[in-house]
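As a starting point, one isolated chain is supplied in structure tokens, in the form predicted alone.
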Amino acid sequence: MTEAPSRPVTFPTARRHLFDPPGEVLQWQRQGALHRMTFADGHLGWLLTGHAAARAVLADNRFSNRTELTHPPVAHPLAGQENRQLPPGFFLRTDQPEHTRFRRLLTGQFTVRRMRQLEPRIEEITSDHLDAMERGDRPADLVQAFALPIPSLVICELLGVPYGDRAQFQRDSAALLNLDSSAERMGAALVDLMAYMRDLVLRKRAEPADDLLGGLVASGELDDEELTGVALLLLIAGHETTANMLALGTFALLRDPAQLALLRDDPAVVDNAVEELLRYLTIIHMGPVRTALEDVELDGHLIRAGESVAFSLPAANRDPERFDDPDTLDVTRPATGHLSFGHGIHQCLGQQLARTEMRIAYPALLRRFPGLRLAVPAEEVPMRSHMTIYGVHRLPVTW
């Protein structure tokens, strides 16, 4: 048995296996849910690896998500600058009651009922991209041909963002999420995205439209800066997360043919398969972070006011106290209860949209191309290890 670390750890990022969290974070988890950790800026806080403790903190309003109170778990080019640069409507990094004011305006747009209404259009978009893949060259990059364009087009139509502008916002979003970007490049990407969304808000104000952003403009409840922030958050989150799940999930299935066959051949498995892939892969792999607003006792430790807690969601989703045989991909497993969409007031607003896209896209891809396989050795697939959202940069496939 591995001993618990006797000195503060640093946030682990190096993976020995493509689909598994760093080995040491799983070893520490077996010793307890909380560990002393030194953050990238020298702050002495905590690393949280246990599922029950993570769920408790995410639901506890004694912990804050505000940018100016949190510390970066890993080196970040814009560390300390985000609060000065993010527009007011970027409500992901706010607490109640401000967070509630924004979220209540959007909740009705992402209900299960609303997503069911979108299913025929998502199926059409998916089929169109599969048709294009079938007509195109082999090998193909599944990221560019399938995984990235499907959620990009869906969120563009939902928000009212011109899909013809996708090259710009995809490029800037990638720069913003890349921890290898320079501070100048990351800052420029944020400025460009904000300018683009601000211009779009002004166009919606001048020419009302029947889409989500147009509806927010018409409501009169948000000013232009707040609308810019809301639109920016939804655009980035609405395409980056699902795109990486589609590509990385397909990669994992191609490495496990038995699980792939179950998902492809049995419609009854699809719902569980999506939840299991979300749990097993957990692409939000560097955080989130919360900061205690007062002293809080947790798992036998005292977290003092002002101390930050960094989550390893991949470790929490591999907690053997919550999931049996957690390191095995089992698409028949009822994997509900995972934390891949977070928990509490900041639980992912678009989770039902992401689920709908994955439930449609995975089986459609695998049934259209039953001979789908990697076109390069697995070790040559470039991974997004230094991106805040894990996945693959490219996935060359053939059939």
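A quick note: this is a predicted structure, and the numbers were derived from the prediction, not measured. Each residue number is its position in the shown sequence, starting from 1.
Heads up, the form predicted in complex with ligand HEM isn't pictured, but that's what we're talking about next.
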(message) Using the site C-alpha superposition to carry ligand HEM over in the predicted complex, what's the verdict for this chain: open, or blocked with 3+ ligand atoms inside 2.4 Å of backbone or C-beta?
(response) open
(request) Tell me, please, which stretch of 217-225, 234-242, 322-330, 127-135 lies within 4.5 angstroms of ligand HEM in the predicted complex when heavy atoms are compared? (result) 234-242
(request) Could you work out which of Arg103, Arg171, Arg121, Arg255 is the residue within 4.5 angstroms of ligand HEM in the predicted complex, going by heavy atoms? (result) Arg103
(request) Let me know the one among Leu298, Met186, Met194, Ile284 whose heavy atoms come within 4.5 Å of ligand HEM in the predicted complex, would you? (result) Ile284
(message) Quick check on Arg279: any heavy atom within 4.5 Å of ligand HEM in the predicted complex?
(response) no
(request) Spell out, yes or no, whether the shortest heavy atom distance between Leu365 and ligand HEM in the predicted complex is within 4.5 Å. (result) no
(message) Taking any heavy atom pair closer than or equal to 4.5 Å as contact, tell me whether Phe91 reaches ligand HEM in the predicted complex.
(response) yes
(message) Check Leu313 for me: does it contact ligand HEM in the predicted complex (non-hydrogen atoms, 4.5 angstroms)?
(response) yes
(message) For a quick test of understanding: in the predicted complex, does each of Val25, Arg36 and Asn317 have a heavy atom within 4.5 Å of ligand HEM?
(response) no
(message) Where, within 97-111, is there a heavy atom within 4.5 Å of ligand HEM in the predicted complex? Residue list please.
(response) His99, Arg103, Phe110
